[in-house]
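One chain comes next, on its own, written out as structure tokens in the form predicted alone.
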């Protein structure tokens, strides 16, 4: 018998399904999409933001592998824990298990609040007790640990860069035709030493930006790992839990809100937008009536009403959910569905207008005159010419969906209160800001995690718009 039992939550299966669909679409893209991707990877900001998004995505995927631990057998029957863990929980075990009694400041060695104790003479004195994590570490060890972690991370980053360059050079050598020569890019000699970067047969890749970002990220991650093993890097919250652990666990929630809501938005917007623009008549009137009516309803009110109904259903049917994780997961999935169903109208309106213009072109009229079925015209002629608009809209809406989770959780109609999310962290931190002295680090940790993700997503969205929009100025 295995020591653990795999658990597949609804959001886990949909997340991995979305990854597979994205890879299939990338490999099956047509020539015009490949040209857009080539233009995209010429931009340094696109490469930098993509590396940051890959770091967030890796955390989210590792946190989407759940399992249960096997307990001691009773009557020779295997028993498994009710608590559901993830692979990320196993990797962050020191942060998850080293809990304090209350608040602790970032990189502190003693508790934030003093505890009354009785002294040797019988008097009551206030003492700040040493922390479990960091209480026995000398004060001067912080800088040493940070530098050592940066060194280890830098070495790891250089090794990873060499592996990537080697694989890329092998790929480029196999894809370049015999006798074909690719002229290297002119590079300023004062910015970077000479290095045999791979010469691709497609447009230039910003290797300097890629290598420098990879090196900085590796050094930052290495320093954080070294410090997290001896200190609470972002301190602890009111119940003594590590804030860095809470912030890292919140990455999956933010990514799920953006990705799963997009999966719901995509078929509604694309299907209804193409149908309204191509067929016209009563189909167009019906689609316009639907999204006009939906836009007239305040989205926050609609989301709050549906989430409260779902919460009431969960409370009245507890037998349908065997663990706290499953209850939190179904509420997160339902919230993603509601956000997707209220967020498809903008893309649908754009696709309808473009389809109205494209259906009057000569090649569409010729296809209809030759009796080509409508589904084939939509699939082979209209959809490929609208793919850049779909990609641009979805990437630009991602950051808005991530921020929507924080806003909804702040007002109490977001994810489950016991679930790790940046919105719940901000909601809990609003009361801590009124203390004296101010407890600022939970809010700062949530702000840094959410700000970095949203900024990288916005920069990548701008790069996608410039690369795939044929009317954009380059």
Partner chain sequence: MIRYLLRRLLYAIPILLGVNLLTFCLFFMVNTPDDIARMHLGIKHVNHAAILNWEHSHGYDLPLFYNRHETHWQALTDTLFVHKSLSMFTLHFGLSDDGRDIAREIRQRAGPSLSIALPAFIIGLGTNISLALMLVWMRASLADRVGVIIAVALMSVSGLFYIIGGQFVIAHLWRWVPISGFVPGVDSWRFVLLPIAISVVAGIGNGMRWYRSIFLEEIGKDYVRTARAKGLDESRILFRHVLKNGMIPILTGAVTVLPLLFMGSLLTESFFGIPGLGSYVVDAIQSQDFAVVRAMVFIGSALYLIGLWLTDIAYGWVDPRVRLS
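Positions refer to the first chain, counted from 1. Just so it is clear, the model here is predicted, and its values are computed rather than measured.
The same protein has a further form, the form predicted together with its partner chain, not shown here; the description that follows concerns it.
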Interface membership of residue 464, its partner chain in the predicted bound form, 4.5 Å heavy atom rule: no
Report whether the minimum heavy atom distance between residue 407 and its partner chain in the predicted bound form is within 4.5 Å. yes
Find out whether any non-hydrogen atom of residue 366 is located within 4.5 angstroms of its partner chain in the predicted bound form, and reply yes or no. no
Does the 4.5 Å heavy atom contact test between residue 300 and its partner chain in the predicted bound form come out positive? yes
Answer option from 337, 216, 308, 147, heavy atom within 4.5 Å of its partner chain in the predicted bound form: 308
Listed residue that, although its partner chain is not shown, lies within 4.5 Å of it in the predicted bound form (heavy atoms), from 443, 46, 59, 52: 443
Look at the stretches 283-291, 374-382, 204-212, 89-97 and give the one with heavy atoms within 4.5 Å of its partner chain in the predicted bound form. 283-291
Non-hydrogen atom within 4.5 angstroms of its partner chain in the predicted bound form for each of 21, 41 and 158: no
